[in-house]
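Here's a solo chain for you in structure tokens, the form predicted alone.
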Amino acid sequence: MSLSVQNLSYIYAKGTPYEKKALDEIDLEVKDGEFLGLIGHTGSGKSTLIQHLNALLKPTTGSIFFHGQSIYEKSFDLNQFRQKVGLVFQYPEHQLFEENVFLDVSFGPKNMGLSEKEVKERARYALDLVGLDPSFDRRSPFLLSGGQKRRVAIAGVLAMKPEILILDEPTAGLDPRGKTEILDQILTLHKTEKISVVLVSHSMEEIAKYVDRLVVLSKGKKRYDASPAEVFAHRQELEEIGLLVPQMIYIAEKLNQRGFCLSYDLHEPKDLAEEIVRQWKAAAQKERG
């Protein structure tokens, strides 16, 4: 595994009247090449946790290891670590500042001390990855659509060629089409570049069909860490902590009560409908003998 969190706790304003425990003994592994979903209601500790994964916060107790080495050792290179673990904040387009798209995406590689030739190569590489062709290079990032701005911001992190890409609510504020485009783009990046992705969200509906594994946080504690289907089996418990499972799960659950045997891995209406028809035909054929 490339990134490991062990027994991590974090207290805001420790020792003051405003003291608050945001994370409580979290254990977490980000495995090489996996697509991990991190989900929880507002205030669950998601954003606090990912700021630790990029070493922006230091835990009150606990440790984080990157390729087996503690990131808190004096000999550990935090600057290089932050290049390897790229963090895209919520509403990242608010961090765009250059006069054109190409310069904005070039900012990170330039600060890495790379040659001008390599900076340009990395910027072009990253923009290609997010589906922005050279016609966007000289355009002002502030005149792009919301989804395009989001892509530029993600490209700025990808230009540093991270091993792990962490995205905090990447679909926030986008319309349904924009949300689907961004999530599909992230999935394509994961598959083509073989990088680990940590996708943070408060919506099961949005990320269920994308992730390999789902980690659920509630009140600073890790409640579940399993495949989406295994997590969705705890529908009632999830609702109690303010999370709704995808609509397909509610439909499958109702039909299973009527004799079907539908998997909780079916996230698209088309797939669910095909499986219902398949099982109905199989049952009808069995009755006919």
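Sequential numbering from 1, following the sequence displayed. Quick caveat: nothing in here was measured; it's all calculated off a predicted structure.
Keep in mind that the form predicted in complex with adenosine-5'-diphosphate is missing from the display, and what follows is about it.
- Contact check for residue 270: no non-hydrogen atom falls within 4.5 Å of adenosine-5'-diphosphate in the predicted complex.
- Contact between residue 62 and adenosine-5'-diphosphate in the predicted complex is not found at the 4.5 Å heavy atom cutoff.
- Residue contact with adenosine-5'-diphosphate in the predicted complex: residue 242 places no heavy atom within 4.5 Å of it.
- Residue 278 falls outside the set of residues with a heavy atom inside 4.5 Å of adenosine-5'-diphosphate in the predicted complex.
- This chain is drawn without adenosine-5'-diphosphate; in the predicted complex, the residue among 47, 256, 69, 247 with a heavy atom within 4.5 Å of it is 47.
- Applying a 4.5 Å heavy atom cutoff to adenosine-5'-diphosphate in the predicted complex picks out 20, 22, 41 from 19-41, in order along the sequence.
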